[in-house]
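Read on for two forms of one protein chain; each stands alone as structure tokens, with the labels structure 1 and structure 2.
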Structure 1
């Protein structure tokens, strides 16, 4: 039996992995999530602001990383809208405005039609320059942003009155897939000026940001796991557990969890087989 398992055709392993991913997707399996302190810190940063606070949402990701970052971006917009915050969208990635438009359409225009563009939310669009943009707008936002994404002069946008720099915002939320992203916001906004910043990032980027926690970065959502934890906090707080489009992170955690458990099982099984074979060889006459 041991020899048979050791020589098992690898195609059976591929099939098991296929089933581990496909079954949770087909049956839309969702597993309980226990939010970590980092996810709670992000939630509290938004939740504890008084209604009407000014929140800058910087969406620095693209379709390639939407699988990890899309759900947390949705949850951020939902949370801000539920709290009644003023939302200012910007992007330092060229396709960022498309990601912003997707979230505005998915959340604001679908469930918050009472929110008025220019009074409750505004899309300032993309600016090239990477961290150079941050260095400028932390002291003089109007030096770079003279119009919104539609070309409307910002002096004609009611919610832009009194906004001169990033320091006028109560919170910066960054959803980042790499450079420029959360690290640059921490280095050039949070650290020198004390601007409150929280973020969400891809799994490979998260370890690079842990050194900034908790002083410069009080909270961080890492990959789809962080998105699922934050989703749970938001949907539980506002009783949205039956709204499927706000549970995407929790749904995507299903196949990931089952696939990871299968991988752990295979690693353990492989080691058990290896040491069992070594033992047999040792006592073989």
Structure 2
């Protein structure tokens, strides 16, 4: 019996994982959420700016990490729009512009049709070069961004007046799936020039970014839980708790909980079998 379980075909484990995630989604399990200090710090960084502040939203992620980061990006755009900030979108990942488009469609076009492109928000698009791009735009944005993503001359965009470099922004919000991402924004913008940067990142990156907190990075949303916490803060503040589109992170915490339980169960089960086997071996003549 023990032997059989120990040699269990891994496809059964795959099936368990599939069910652990699928069932809570199908039954739409929901759990309450309590925001942690780091999420509050991110929220405050956006909330405490006066309306009309210039916020650079750097979306450095792709479809592969959209599951974790999409909800954060949505919540960031929603928060900035509600607060009346000017939004400037850029991307350091080739697929970033698609992520920006998605969020603009999902939040701005749907719920803020009165916001005017070029006056309230602008999509500056993608530039390759990773940290090389940050390095340039942190002192002179127009060197690389001669036009916006639509090819409109940057000088003809009303909200670009008075923006010479990243240093002219009141806040940089970075949603990051890896390299280049929050780390590079901290290294090349926050640390040398003291530009305030807050971020949202994947679970893999989050622990690695903690050393920057709080001196170089005042707030950080880690993985889907961070997204859910921030979402909760935003929807509570602006009374949007019944708009399904804005509860993606909170919704995803359901499968998350069940799957985490499964992981703990698997680790414990693996160990129980291991120690039981060792004991058997020891007593075997």
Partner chain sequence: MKRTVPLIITAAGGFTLIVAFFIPATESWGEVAAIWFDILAAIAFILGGGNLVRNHLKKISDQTAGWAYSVITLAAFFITLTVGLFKVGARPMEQQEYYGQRFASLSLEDFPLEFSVEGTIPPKKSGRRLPDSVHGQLVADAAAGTISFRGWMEPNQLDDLKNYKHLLEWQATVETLYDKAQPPEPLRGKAFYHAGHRALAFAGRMSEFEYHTLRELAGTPEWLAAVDALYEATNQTAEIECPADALPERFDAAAISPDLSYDEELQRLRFTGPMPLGLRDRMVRRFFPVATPLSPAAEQVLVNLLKQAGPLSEAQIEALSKAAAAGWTFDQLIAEVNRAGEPVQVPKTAREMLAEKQAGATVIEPMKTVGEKRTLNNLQQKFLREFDSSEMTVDDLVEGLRRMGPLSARQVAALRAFLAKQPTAAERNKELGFALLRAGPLTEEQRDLMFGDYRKQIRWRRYVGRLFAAAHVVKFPWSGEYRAVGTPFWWLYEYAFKPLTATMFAMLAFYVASAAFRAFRAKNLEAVLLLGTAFIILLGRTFAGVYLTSWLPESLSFLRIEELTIRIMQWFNTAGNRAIMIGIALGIASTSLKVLLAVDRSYLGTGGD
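Between two forms, the rigid core is defined as the largest C-alpha subset superposing within 1.5 Å. Just so we're clear, the structure is a prediction, and the values are computed from it rather than from any experiment. Residue numbers count along the first chain shown, from 1.
Asks: Which depiction, structure 1 or structure 2, is to be taken as the form predicted on its own?
Replies: Of the two forms shown, it is structure 1 that corresponds to the form predicted on its own, while structure 2 does not.
Asks: My question is whether residue 25 is one of the residues whose C-alpha shifts by 2 Å or more between the two structures, given a fit on the rigid core.
Replies: No; residue 25 is a residue whose C-alpha shifts by less than 2 Å between the two structures when the cores are overlaid.
Asks: Let me make sure I follow: superposing on C-alpha atoms, what angle in degrees does the smaller rigid part rotate through relative to the larger between the two structures?
Replies: Spelled out, the smaller domain pivots 22 degrees relative to the larger domain.
Asks: Core overlaid, residue 266 C-alpha shift between the two structures, how many Å?
Replies: So the C-alpha of this residue moves 5.0 Å.
Asks: How many angstrom apart are the two C-alpha positions of residue 276 between the two structures, if you fit on the rigid core?
Replies: Its alpha carbon moves by 8.3 Å.
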